[in-house]
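In the C-alpha cells that follow, a single protein chain appears in two forms: structure 1, then structure 2.
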Structure 1
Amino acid sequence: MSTRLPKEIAEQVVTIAELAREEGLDFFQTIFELLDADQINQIAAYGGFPQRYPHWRFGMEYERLRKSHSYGLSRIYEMVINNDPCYAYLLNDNAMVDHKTVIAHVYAHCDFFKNNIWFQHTNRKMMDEMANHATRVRRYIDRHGFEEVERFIDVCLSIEDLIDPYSPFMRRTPMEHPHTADRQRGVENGITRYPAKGYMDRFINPPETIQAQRKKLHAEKARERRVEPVKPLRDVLLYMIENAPLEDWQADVLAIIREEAYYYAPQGQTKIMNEGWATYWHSHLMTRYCLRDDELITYCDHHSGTVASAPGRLNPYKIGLELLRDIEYRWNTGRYGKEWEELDDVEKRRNWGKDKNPMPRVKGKESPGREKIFQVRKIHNDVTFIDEFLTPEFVDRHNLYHYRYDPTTGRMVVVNRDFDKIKRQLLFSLSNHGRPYIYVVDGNYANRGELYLAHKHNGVDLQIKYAVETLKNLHKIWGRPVHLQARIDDEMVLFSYDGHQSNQQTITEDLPKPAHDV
C-alpha cells in the first residue's frame, strides 16, 4: 500500500503545509499516498480505511463506486482519514493542479479534525483500531462460521445509527459526596437526623419520622431497581450490549459496530462545515499562492464543479464555503451584535456602517472576520452553524428555496423562498443526521422482559415498512418481544414483534405503560 510520492508531489506537500501553517491552520502530521482509481475505490468503499472486517456491504459500495467511475459519473478526488497522523489519498491520474488543490483541501480537513470540539473524543488511532476490528471479526468467523457472523452483522447494522452522538461528552455523575448542608443536618444513608443531645433526640428526631423516611427510601429503591433504564436512552446499541442475552462474540461485534458508528458520527454532524472549511482554504491557498498561470483554467473548472449545485439538492461544499465567507465579511464590517441582529429594515442592514465614519477596510489574516471563522470551526457543528449564521440576506443572495412534494403533479416543486421555513427545514434535515430519534424507554416492559422503544416525533412520521423490518432484526438481538411506539398520522401506535408475527395496534388506556415517556 505504501508508495513513495513522486518528487514533484512530495515538494508540493511540504510547500503547501508551510503556507497553510502560516495562515494559521493547525493540523496533525499528514501522510499522503498516491493510489490508482481501483485502490481509491476500495478505500472509499471501506469508509476511508485500508482495511475493514469482511462484509458484503463494502463490496456493494465498491461496485457502485467502480461503476460510476467507469461511466465517468463521479470521480473521487480526495479522501482523508481523521487519525493522528492523518492519512490522505491522491488519485494517480489526476493532474498536478488537482493534486495541489487536494493537498490544500486535505490540510484544512486535518485542521478541522484536530480542532473542532465535536471530534475531540474520536479515536485518533482509528487506523489501528479498524485493523484490530477486522482481526477480531475474522477470528469470530474462523470460530463460528462465516454465515453466522455475517448474519449477525447484518442484524446489527439495522440499529447501527441508534447511538447518542452527545454521549461522548457526558460525564457520569461523580461519586456522591454528601452535601455540606446535608452533613450539617446529618443526612446519612438518605435519612435526615438532626444533631441533638441524647435526651432530646427522641423529640428532635421522632422515631416515627425516621421510620417513615426509611420506608419511603426503601420503596423508592425498589421502584428504581425495577425501572430499567433509569431514564430514556438514545444509545440503543449500548443498552443492547449491556442487557441483551448475547454471546461474548456477539457482544463484541456489536461493540465494534458501535465504536465505528461513534467514530463516524462527528463527520456526519459537521459535513457542511468541514467541507466548507476545506473548500475555503483550498480556494484561498490556490488562488493566493499555488496556482501557476497555465493551471488557472483547469483549476477554475474543477473548483466550480466542486461547488456546483443541482436542483433539489444543497451542495455542502457550496453552502459551507459561502457561509464562512459571509461570516468573515460580516465580522470584518461590524455586521453583528445585538443592534444588528435586531435591525429588521433590509435597507438599513444593507447600508450598515455607511453612516458612520468609514471603517478601514480590513480583511485577510488577523482580521476580526478571519478570527471569527477560526472560532466557528472550533466550536460549531452543522446544526448550530446554520442556526447561528444563516441570515435572510444570505438566503436571498444564494437563491435558496424551499421545495415540497406536490400531490397534483407527483413531483417536487419549489414552494417559496421564506427564510424561516428554509431555516427550519435545513435544521430539521441536519438534526441527528436526518434520522429519527429513537429511545429505549423500558427494558422490562409490563414486567415481561420485553423491550420498549419510542420514537420522539418532531414533524415527520416513521416509515412503517422499514420500522417493522427493523423490529424483526432487533428481536434477533434482544431475544424477547420488542415494541416500538410511534406517532403515525397523529395517532399513537404500538408496533410489536414477538418472533413469530408483527403486530400493530393503537395505543389506548388499556395497554400497560412503559417506564418512561419521551
Structure 2
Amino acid sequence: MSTRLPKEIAEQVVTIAELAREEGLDFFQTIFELLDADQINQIAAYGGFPQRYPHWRFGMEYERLRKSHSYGLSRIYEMVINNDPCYAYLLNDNAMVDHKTVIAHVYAHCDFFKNNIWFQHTNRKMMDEMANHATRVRRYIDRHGFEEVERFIDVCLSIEDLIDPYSPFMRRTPMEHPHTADRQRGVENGITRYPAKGYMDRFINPPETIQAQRKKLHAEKARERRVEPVKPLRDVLLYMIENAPLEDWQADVLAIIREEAYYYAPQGQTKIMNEGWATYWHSHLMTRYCLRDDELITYCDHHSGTVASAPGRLNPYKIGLELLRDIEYRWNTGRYGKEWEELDDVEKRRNWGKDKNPMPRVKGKESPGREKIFQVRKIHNDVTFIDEFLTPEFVDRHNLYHYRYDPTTGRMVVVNRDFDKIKRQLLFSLSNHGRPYIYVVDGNYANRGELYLAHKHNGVDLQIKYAVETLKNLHKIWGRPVHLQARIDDEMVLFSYDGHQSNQQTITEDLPKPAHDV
C-alpha cells in the first residue's frame, strides 16, 4: 500500500483505508510516496506524472510552481493520479494532521476515478503510457532535431482542446460494409468480376479487361475531391490525423497529444464534483474518526482555507462540498419530488421534513441521503450535477449572485439575483470547460482542399485574437487555407488564413457553401 513512508504515516494509510471502505468507498490499490517540495513541484509540472515528453512548457510550469512555493503564494499538499493502481504524493514537511487529511482526500478521489461513469473509458495504465509517449517523442527528436519536433508540439498543443469528450460514449448502429452489396453483384473494390470456376476465370474475366477497369478506377479516384466528413465532426484532431498531409512522425505526435487530451478531459468535466466528493469525505472521516484534540485548530484552519470563497469567484471545493451536503439533507428530509417542488407556502417549506432525521448514517446503517450522493457520484458530471441539483434556496444561502466591482466604494456589489440567469451562466462556463464548440464541416471547401470549420454558439463567445492564432497553427498542419465560421455580434463572419495573411469577411450568398451546416 505504501512506499518510502515513515511508520506513523504508513499506519495511517492502512487505518484510513479501512475506515473509508467501511463507509462505502471503493477504490483501486493506492500507492503513496513521500516527496519534498521540489520533487512534488517537478511532478506537478508534468501534470502529475514522473515521466513526460520534453517540452518547454513543463519547465515554465515548474518555475512558476517553484517560485510560488518559495514566496509562500501557494503550496501543493497532495496529488493523485487516475491509474490502476492509483499513485498519490504526500509533501514531506506537512504536519501529521495534514497527512491524514490528504490521505482521506486521496481515497475519495480514487473512489471517484474508479466509479464515476465519465472516467470509465480512460486509460487505467496511463502511468506506463506517458512513459511510452516520452520515449517515442525522444526518438523523433534524435531523428529530426529538437527544435523541429518542439515547434510541431507547440502547434499541436494549441489545438489540443479540439476534441469531442463525449465520443467515447457513442454507440453507433452497425452498418453494412460499403462494399458488401457490390460483392454480391460481382463487384469488388470497384472492379467487376463475373463468377467463374478457376480454369475458366481468365476467359470470362480477361486480365486486360480487369487491368483497364483498374486504371479507370484509379483515374476517377484521382479526380475525386478530398474526403469530407459525412456530418459535422467535433473531433478536429482525429480529422487532422486521418486527412492532413502529415509525415508519419507528425501524425504520431498529434495522436499522442490527442490521447492525452482525452485522458485529461473527464477531470475537466468533473472538477466540481470530484473535489467536492473528496472534500466531503476527508471532512467526514477526519471529524468522525481521525482527528485528535491537539490537531483540531490546525485542521480547521487548513480546511477553511481549502473551502474559502470570495464574491464573484467559484471555488470547486466549496461548491461541490456544499451541494453534496445539500443533496444529502434534502433526501434525508424528503425535500424533493413533485409535491415539494409545487409547494408555494413559505412556512410549510421551512418546516418540511423536520420530523425526519437529517443526520447522515452511522456505520452499517444507510440513509436515503447517503444513498443519493453515491448515486450522484456515479452518473453525473459538473454540468448535469449543477443542472439537476442547484436550487434557488442554495443560491441564496451561499450568495452565488453575480457581482461587479464598484469603483466608487471599492467593493464587490451584487448586480444580479435572478436564479435562472445565474444558473444559465454557470452552465455556460462549465460546458466544454468554457471553451467554444468547433466542428469540421468541410475538408474540401470550394473544391480546393481547404479546411472549413464552424463555431456552434452555445453561450460561449469566440475570442477573435485566439481564433486567428489558432487558424495559423491549423494551417501549419493542414497545409492549405483554413476558414472558421463564427457569429460575432449577431453577424456571421468567416475568418480565413491562407499561409500569408489573415482576413475576415461577412458571410454572403456569393461565397461558396460548405458541405454541411452546424
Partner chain sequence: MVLKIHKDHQRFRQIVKGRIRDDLRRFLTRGELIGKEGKHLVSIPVRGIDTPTFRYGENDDGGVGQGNAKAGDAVGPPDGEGIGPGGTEPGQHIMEVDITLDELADILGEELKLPRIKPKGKHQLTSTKDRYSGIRQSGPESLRHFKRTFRRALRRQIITGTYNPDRPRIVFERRDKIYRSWRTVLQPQSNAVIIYMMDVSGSMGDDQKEVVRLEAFWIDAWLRRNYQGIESRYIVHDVRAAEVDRHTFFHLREDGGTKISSAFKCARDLIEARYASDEWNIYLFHFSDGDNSSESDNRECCRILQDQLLPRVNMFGYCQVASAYGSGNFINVLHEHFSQNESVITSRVNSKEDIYDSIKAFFTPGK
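Heads up, when I say rigid core I mean the largest set of C-alphas that superpose within 1.5 Å between the two forms. All figures in this text were calculated on a predicted structure; none of them were measured in a lab. FYI, numbering is relative to structure 1, first residue = 1.
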Inset, instruction - Identify which of the two structures, 1 or 2, is the form predicted alone. - result: 2
Inset, instruction - Answer yes if the Cα of T209 shifts by 2 angstroms or more between the two structures on a rigid-core superposition, and no otherwise. - result: yes
Legend entry - Core fit, then F146 C-alpha moves 2 Å or more between the two structures: no
Inset, instruction - Look at N458 and decide if its Cα position differs by 2 Å or more between the two structures after superposing on the rigid core. - result: yes
Inset, instruction - Having superposed the rigid core, state how many Å the Cα of R404 shifts between the two structures. - result: 5.6
